[in-house]
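Two separate entries follow, structure 1 and structure 2, each one form of the same protein chain as structure tokens.
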Structure 1
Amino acid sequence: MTAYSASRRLLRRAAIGAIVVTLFLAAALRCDVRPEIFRQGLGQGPNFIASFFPPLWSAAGEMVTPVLITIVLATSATLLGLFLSFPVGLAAASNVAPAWLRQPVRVLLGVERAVPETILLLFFVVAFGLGPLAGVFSLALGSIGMLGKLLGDAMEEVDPAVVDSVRAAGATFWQTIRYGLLPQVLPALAAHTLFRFDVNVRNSVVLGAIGAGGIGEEIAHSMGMIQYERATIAVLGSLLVIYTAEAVSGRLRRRLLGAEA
């Protein structure tokens, strides 16, 4: 006979449901998710939301510089990360770097990707003090984690025949990389860099709030000073930046990948 059994299916669904619900309830309890807090919060809701309106339009002018700083922060971090990911990527590729170099680099890349940018920022703030430099470094480091790994992986997958043919023409090591490896990984690298730019813009807003400056700082500051109408304007500013970055990066990426396919 067949293995189909309605009761077993029902039981399995109930069991999975029960496990998830129990874990969820335990987690929710741990996080103080209590109906009365919720009710209380919702009770204030309408008033609270109303306090964000009308937006303080007159503050819009003050947001231009912070918005610029956020964009510049994300752009320079992406560029720096991109540059640094070349040597790192080479050092992480098995067909380029020796094992003694590759393995520690790979481990470091994994570490970089695992640690959230905000934590990296805390380190850099200690090292360089508050300000955009700490922000640039933590975002750049995060970018290396992604782009360096990508480059390393891409280098390992590069068609050896192409590399050989370039090498056979008498090219030096660097020429081989430049003319044999790079052209093959460039489209993927460009696409990932654009994606990383999008991520960096989002993160630079967050980092701004904990010391890197820019529009994030304005949001945090306005909220802290209970100037909610001003916060609305700052949020609109960040919205504009993030929206534009996503749209631009998405469109360029689609064009790149579309041209590839």
Structure 2
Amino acid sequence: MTAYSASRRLLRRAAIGAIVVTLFLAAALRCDVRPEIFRQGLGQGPNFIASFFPPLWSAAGEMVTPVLITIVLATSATLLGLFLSFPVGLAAASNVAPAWLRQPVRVLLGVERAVPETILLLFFVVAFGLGPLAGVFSLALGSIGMLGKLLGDAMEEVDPAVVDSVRAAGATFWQTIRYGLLPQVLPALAAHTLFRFDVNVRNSVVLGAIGAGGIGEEIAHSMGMIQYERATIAVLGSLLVIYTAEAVSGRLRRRLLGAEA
């Protein structure tokens, strides 16, 4: 490496570093970040964390129903999203749908994935009110955006010889989908659905804190009432749900993908 190229690389890194520092300082000034408040908060941190202990174990029984609501919310949203994402995936696959249909569907899927479930919840809360129903529709719509896109991609990667052989045997369009396309994408679809269920369980806790009910609502309520020991039990309940969902869905995904391979 010549000294000229080394100096250019050093100048490039210095310029990037200067830009990053400038943006950081500008963001700190815009957000009114003050070091003295930060130091004060760090000093109060240990006392605040200590207020969450010991947990209020007597409230554990009250968390069973919110935990079940969270699980039902995530499961219902995943199943509804899976059911609705199949026709959307068909419309998004280039080897199934014509271009005039595929392109708008792909655009809509991209727009949907760009909108967080928390924003979708606000619309459904206006339509259905606070509660799990609004959360189900919010997570289901998010599931359609993800599963529809992944299903469309999986359909485009199938072996065309299998599809052509089914079509050559005289199968109709839907028979070709049923016997030529669906068996090839079913393992991937199942694995993606399990992954989306894992995501929905996590998101249902967040949505619960802002109006969808479940264990997230218990966390928000306990924090708002300054019942930190009770909030600890609610957090432990949410961690249990998330860990269990991740372990079960991860194991099933590995088995499905292993069987596919």
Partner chain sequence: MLFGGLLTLAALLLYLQVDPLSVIGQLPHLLNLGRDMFPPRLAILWEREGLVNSVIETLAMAFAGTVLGLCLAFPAGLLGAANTTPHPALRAFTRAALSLERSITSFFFLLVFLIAFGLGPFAGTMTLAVGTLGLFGKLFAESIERVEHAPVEAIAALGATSWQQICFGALPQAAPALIANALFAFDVNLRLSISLGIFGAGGLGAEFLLAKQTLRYRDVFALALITLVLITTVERVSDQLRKHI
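Worth saying up front: this structure is predicted, and the values here are computed from it rather than measured. Residue indices: 1-based, along structure 1. We call the rigid core whatever largest set of C-alpha positions still superposes within 1.5 Å between the two forms.
Asks: So which is it, 1 or 2, that shows the form predicted together with its partner chain?
Replies: It is structure 1; that copy is the form predicted together with its partner chain.
Asks: Any chance the CA of residue 16 moves 2 angstroms or more between the two structures, core superposed?
Replies: Residue 16: C-alpha displaced by 2 Å or more between the two structures.
Asks: After superposing the rigid core, is the C-alpha displacement of residue 114 2 Å or more between the two structures?
Replies: Superposed on the core, residue 114 moves its C-alpha less than 2 Å between the two structures.
Asks: Would you mind giving the Cα movement of residue 100 between the two structures in Å, after fitting on the rigid core?
Replies: For residue 100, the C-alpha ends up 2.8 Å from its position in the other form.
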